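Form predicted on its own, single chain, as structure tokens, below.
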């Protein structure tokens, strides 16, 4: 009953918000946000100290929104684990582990060779998000996708041994924790929350400070996103741990 009351109240709130939105086609509605785009393009480098304007927008101008996004991703993991649970015995299996049809030797060899390079590319994507297209979200998604391919070919037992629960558990919340920690560091540096350029730091050190804080945030997002995707994958395809593997 408490859950139903909460959902009903939330539904009423959303209806109220939608009802008070500007009506579609109203001539008084803003037609575009060109002034915002111009501000980003003209002042982005100066105000965010980021070479990549997209990165500056995501983790500076829209920093609160991005922190909310990583929180939503972590909440998705919490919801999945609340329903499906987490492996307990360390030996988990899926249908592919019980299959009587062996995987192709060619496919297994190619996947074993390519997955390390895919993960290496994800590291490049995360670390160079400040100066080139990419970032933590993209790098984490690449790692998650590579583990989907690896699990499909080698099975859940092999994948869970390569990335065990003791490794995933402390890293699943790294995106949220890193975002909050960097935001708190911005306050300590004399700026606002999620401020990457600290007023109390000399101007010639600002670019290096922004780069390292940005890399720290992107790394946290990448690790957290990757571990969340992998844990969701393992929970959704996992069967009971007691099932024996059929040779």
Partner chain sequence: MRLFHNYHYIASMLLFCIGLYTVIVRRNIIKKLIGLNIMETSVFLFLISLGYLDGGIAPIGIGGADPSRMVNPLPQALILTGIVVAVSVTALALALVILLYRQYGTLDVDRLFRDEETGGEEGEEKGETA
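Positions refer to the first chain, counted from 1. Since the structure is predicted, the reported quantities are computational estimates derived from the model, not experimental observations.
Just so you know, the form predicted in complex with the partner chain exists too; it's not on screen, but the next bit is about it.
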In the predicted bound form, residue 133 touching the partner chain (heavy atom, 4.5 Å): yes
So in the predicted bound form, is the partner chain close enough to residue 79 to count as touching (4.5 Å, heavy atoms)? yes
Would residue 47 show up as a contact with the partner chain in the predicted bound form if we use heavy atoms at 4.5 Å? no
Could you tell me if residue 229 has a non-hydrogen atom within 4.5 Å of the partner chain in the predicted bound form? yes
Tell me which of 71-79, 148-156, 109-117, 167-175 has residues with heavy atoms within 4.5 angstroms of the partner chain in the predicted bound form? 71-79
Heavy atom within 4.5 Å of the partner chain in the predicted bound form: which residues of 48-77 meet that condition, in order? 51, 52, 53, 54, 57, 58, 62, 65, 69, 72, 73, 76
Relative to the shown structure, Cα residue 63 and Cα residue 11 in the predicted bound form (3 Å or more change) are farther
